[in-house]
Structure formats: C-alpha cells, structure tokens
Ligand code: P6P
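As structure tokens, one chain now follows by itself in the form predicted alone.
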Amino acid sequence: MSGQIITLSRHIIEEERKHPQATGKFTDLMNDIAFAAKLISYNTNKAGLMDVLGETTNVNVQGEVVKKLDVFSQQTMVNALDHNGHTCVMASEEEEDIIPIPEEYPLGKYVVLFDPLDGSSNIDANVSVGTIFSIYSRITPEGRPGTEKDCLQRGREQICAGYVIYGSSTMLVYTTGNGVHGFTLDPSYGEFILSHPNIKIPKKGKIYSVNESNFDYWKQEVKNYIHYVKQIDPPTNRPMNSRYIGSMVADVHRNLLYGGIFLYPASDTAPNGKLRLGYEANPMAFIVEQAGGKATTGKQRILDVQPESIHQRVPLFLGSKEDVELLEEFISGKRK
C-alpha cells in the first residue's frame, strides 16, 4: 500500500469502478452499515459505564433472553438502513417476521439480513461480540415493498457478506465475491482503515472450536472426529488445540486468520442444528469460502441450502479446507 491510507468507503468505491453498471447505491448502503457499527462499537466499549449491561424482561423469537445491548444494536441497525432508499426489506435474528421499510421512505433494490449482536450472552463478561450482515439483490419487482421471498434466497446469491467484531479493536471484515478484506476502526478519526487486505485462511489449521459440553448429544461420526483430532500424533500435527470463545464472530475471526475449524453440529437436543442459516451460517460461509476455506452442513455446501423460513437452523462446519474435508470423511463414514 506504500503507506497509503485506504478507508472502507474508498475501497468500496474502487471496487464499484470495476463494474460500469454500478450506481453508487451499494457504497451508500455499506456506509450505512459502517455507521451503525461505529455506534454499536461505541456503546459496547462504554458498556460498563453506561446503562446497557444486563438483561431486559423480554425473550426473542429464538427463546433467548434479550440483553439491553441487543435492543440497542437491533434498533441501531434498523434506523441506519430503513430510510435512505437502498433497501426494500430486512430481516433480523431478533425479529419474528421480516422488517418492512416504512411507507414514508423510498424503496431500494437491496435485501439485508443481520444478527445485530452475535455472542451477546458474553457481553457482561467483556468478551468479544459482533454484528453479522448479509446483502442480496431483491428478486421481487422493484417499486414494491420487499417480501419474505426476497429473504429466502440461497447463500450463493449473496452479493456481500460481512461481520464486525468488537474486541481489543473494532474490525469490519467483508466480501463481495472478490476476496476478503478487513478494516480496523481508527478511533482517532472514526474511520475504518484497510488493515487486512486479501485475507486467506490457511489450508490447514491447529485449532478446533466447538462447545464440547454437548459431546454426548452428538452423532457418533462427530464424536469420532473429535476423538481423532485430540490424539497425539506429531506426523499429522495432532493434537489440535481446543479454543472456544462462545461468540461465533470471535471464533470464526480467529480461525480465519490462524486456520482451523469451527463446529456447531446437530445434536439430540438440536436435531436441525442451532445456528441460523440466514443470519450466521450463510454470511460466514461466503466469507470463509472467499478466503479459500470451506463451509458445509456435513452433507451439503452451506451456500447451496435452500432456506424454507427466515429463522431456519442448520448444522455448521466451516474453516480451513483440509480440516473441513477431513471432518466430511468422518461424517460420510470413510473414516471411523
């Protein structure tokens, strides 16, 4: 980069210039998401000093107790995206139904799905949390309000996916299908600056990330894989190291940079898996694939799954290509 500072806005504009049909609307939409992320970052970093810690008396559509910062993050994302004429409909992990654009605002061609605060159960313990977002082009006629049909597209139809991680620094990582790029928020002048261009996940990693307290509820094939990666065998770089934060954004972000595999299998208590296809699995799968990794249900590529509902859950395994392929061998029965 020759010492040149590249902001998120500049990076997106330069990418749009490669497409003569671009109108600049996508740049505006991404700037809206970045603005929301800055507000959430500020409140997350001030959480111990402001009245945003703790729980509300509400339970969301997933049956989870809603944190105060969940409510703030949800409203911040909606307020940033509903009025500028870029979106036709939205959907959020926190809302039971799709989120229509108010009648007084113009409609756009983009569909945005998001998890406003992934890992929020950890927020009171000062553990990294994040925002995940996924963008599609609408498939219903323009000029009309978007519908649930717009939100039920396969992950391979995404035109952009990204996440923001609120940790020791705030980072925004995104892809439009042309590589994965990371931007760190510089608090001195409030801009996301390109810090991790063209991120590539190692083909094989040393880390596996899974909630092993669910071990007895998993299918035997997944148990066999975990047994295997924990065995001592230096020629195959085993054992792998267990690292599980409990915030998907943080676990996947670490593995994206260092290599490894993230697992959330189906289980006796969650036969369809626990993670949401639209808000978590699809955007993270798009990012990981664009970085050279792989994402699967164990039997099917995540991005090929046809959503049937906006809160559909799926098993999820994603990360370094060779690690995921080894897992698939156990699930298929090629390895025992």
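A residue's number is simply how far along the shown sequence it sits, counting from 1. All figures in this text were calculated on a predicted structure; none of them were measured in a lab.
Here the subject shifts to the form predicted in complex with the named molecule, a form of this protein not shown in this document.
This chain lacks the partner; the member of 202, 167, 119, 182 within 4.5 angstroms of the named molecule in the model of the complex by a non-hydrogen atom is 119. Note on contacts: among 266, 229, 90, 248, the single residue with a heavy atom within 4.5 Å of the named molecule in the model of the complex is 248. The candidate spot formed by 211, 244 and 276 lies fully in contact with the named molecule in the model of the complex, as each residue has a heavy atom within 4.5 Å of it. Residue heavy atoms within 4.5 Å of the named molecule in the model of the complex occur in exactly one stretch of 256-264, 182-190, 217-225, 98-106, and that stretch is 256-264.
Remark: residue 70 does not count among the residues lining the named molecule in the model of the complex, judged by a heavy atom distance of 4.5 Å or less.
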